[in-house]
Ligand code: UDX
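The chain below stands alone, shown as structure tokens; this is the form predicted alone.
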């Protein structure tokens, strides 16, 4: 292996912390920078505030070996670095009231510009600054302009990390994409990933930046397609599981992301799909296909609510919601289908009692959090499964029947034991079966 690189990572969210911990695991010397002093102090003693499989162990390893450090001072963090990774938030722009407005497709790049300006004051000549955040086309130029340094190269290296499997995705990626106008700088970044043996695609910055949006938009399209097929299956009396098995065996389609559910969400898919629609519109192309994908996802939220409304009067009902995170394996509730559905139920007058094994707090909502799944079901007329946690697959059906006031289940993830529920007198509904 070549001599370890000195790497600075600016931002310690899901992407930044995973990037820093994994590079340290690969033998590099890493300093992670964050403006949140309390967070830096917690991370410096191995207290990882993010629920992500394997991440806490890698942080502890990095601290113990001395290859990983955390600082709140950007100058200290980047001054000796060979590579500086920008992993700061790029959320949807806010509206006039300060609320995030992802539907506009605009991305708030203020944190990125601020970080670039600060890095430009301290980074050494010859270093490579790497855009890791998901950013619109042209952001490599924006970072270069904000730094104001002709002796520093900016490279785009979009992340393709899935929450819940981010560590594995970083260490064993499907591909590494690097966009640069300086091929030598691109090859230097590529060498950092040489142990993964993944295909490396070196291209220009605009293409690299577009590739991340294209990947997420395609996955969102696939998920929306599956949910619309599930609706067709319900209408004609077909079994969606078997239909999708047929599709999955087609090598042109593949079996990944062919699972029906309550709709898709998270920090990336909604924001990135809207952003690609906006970028296309700004360039003169009406991306009607993706607008349809977004509309289909909103409709899926409504379809789940309608399933609940078909068995109870929402204005008087108590609903037990199992799952708040946007998917299993994470505590992230950003753009969670569970919250979108809960908002609709609450607006209709229902009481929502929820449990999620990783989520202990939800701000700005009237959802009542329960200590476990059975407590969430106490007195409920409907049990609604929204997140696919394994523990929901093995709940004691007899115990559920004993605490609920009416025996109705809407399984929006198709994970519960339908036969056991029916044997105990439950009315059972799922996605994609009549």
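None of the values given here were measured: they were computed from a predicted structure. Numbering follows the first chain given and starts at 1.
One more form of this protein should be noted, the form predicted in complex with this ligand, which is absent from this view; the next part is about it.
Proximity of residue 180 to this ligand in the predicted complex: non-hydrogen atoms within 4.5 Å are absent; the residue sits far from the partner. Contact annotation: residue 356 falls outside 4.5 Å of this ligand in the predicted complex, judged by heavy atom distances. Using a 4.5 angstroms limit between non-hydrogen atoms, residue 413 touches this ligand in the predicted complex. Heavy atoms of residue 265 reach within 4.5 Å of this ligand in the predicted complex, making it an interface residue. When this ligand is considered in the predicted complex, only one residue from 198, 71, 257, 346 comes within 4.5 Å through any heavy atom, namely 257. A single residue from the set 318, 274, 216, 210 has any heavy atom within 4.5 angstroms of this ligand in the predicted complex; that residue is 216. The partner is not drawn, yet in the predicted complex one stretch among 266-274, 310-318, 119-127, 146-154 has residues with heavy atoms inside 4.5 Å of this ligand: 266-274. Using a 4.5 Å cut-off on any heavy atom, the residues of 141-162 that reach this ligand in the predicted complex are, in sequence order, 159, 160, 161, 162.
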